[in-house]
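Just one chain is shown here, as structure tokens, and it is the form predicted alone.
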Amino acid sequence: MDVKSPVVVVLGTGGTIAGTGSGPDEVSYRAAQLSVEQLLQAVPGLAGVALETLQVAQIDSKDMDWSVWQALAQQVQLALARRDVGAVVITHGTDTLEETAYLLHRLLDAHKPVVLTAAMRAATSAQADGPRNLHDAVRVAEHAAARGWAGVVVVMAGVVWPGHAVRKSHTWHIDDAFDGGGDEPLGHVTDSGAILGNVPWPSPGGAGWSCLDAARPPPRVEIVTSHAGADGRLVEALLAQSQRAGHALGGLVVAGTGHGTIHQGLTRALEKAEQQGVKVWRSSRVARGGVQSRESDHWPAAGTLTAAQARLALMLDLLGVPCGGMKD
């Protein structure tokens, strides 16, 4: 009796991987032009893989928002609930990849792998990296499903990164466009397609998808940056605007200098915001190292999360999602 291979569901959201231009130029292109079905047609070496595709969104990932995350989470949940599905692959843009990967890591409550991938060059570029990345992502998804691994990872340039830690580290390079902050890769995919590394995948958060319920708006959390001369006027403007708009400001993440330090002018404004019920967390604008808690700290540290990831963690915290967000 033939045993059917588990299905890999590939969900498309747009991004540079689906971008096209008028020629092989690496800069002049429009993101989110090709369907996920078209992307797979350009990938050799996937014969025999049971693939299904669904276009969840078609956007430049700089325009990612809560509604797209809701739609994506719904489709991920539906796919993983199917007994015949072994894994989900998501094609995405690079700009907000670290946010989507972190959010899915926190919410995933299924014992199956979710693999995100993207590209630094459009599909029409002479250096298009999307086909290789998508091929690797599907193979990693199959590899993980066969071993019963669960969790969220990102596959870029032959490297498997943990979803909770991945971040964009270069604006245009291909080979080192992403890293894991202080986290090491979970594995590598060789040019021949072999998957190396047996590092245990980080356990998914398991919080579930209910916090993305479309019936309630997400809490408003903004990022402010500490810098020379930061006087806090931006925070005061945010407080005033939220009062006028009737959508209360729920939290602020400060991308601080160094180890999460904050200019005294900005500190006074943040204290005022805190008195009005706004929750304040500290991250760093420095690329690596994060912000660790110290006894003298007034505001919580966001650990190794980037400011963008910390914003999501604080939103989840305000929604009552367990596990805080700073333990990753």
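These numbers were taken from a predicted model, which means no experiment stands behind them. Don't overthink the numbering: it's just position in the shown sequence, from 1.
What follows is about the form predicted in complex with succinic acid (SIN), which we do not show.
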- Among 93-101, 242-250, 147-155, 217-225, mark the stretch whose residues have heavy atoms within 4.5 Å of succinic acid (SIN) in the model of the complex. 93-101
- Going by a heavy atom distance of 4.5 Å, is residue 29 a contact of succinic acid (SIN) in the model of the complex? yes
- Do residue 59 and succinic acid (SIN) come within 4.5 Å of each other in the model of the complex, heavy atoms counted? yes
- Item | Contact flag, residue 306 vs succinic acid (SIN) in the model of the complex, heavy atom cut 4.5 Å | no
- Does succinic acid (SIN) get within 4.5 angstroms of any non-hydrogen atom of residue 166 in the model of the complex? no
- Note on the structure: Contact check, 106-129 vs succinic acid (SIN) in the model of the complex, heavy atom within 4.5 Å, ordered by sequence, gives 119
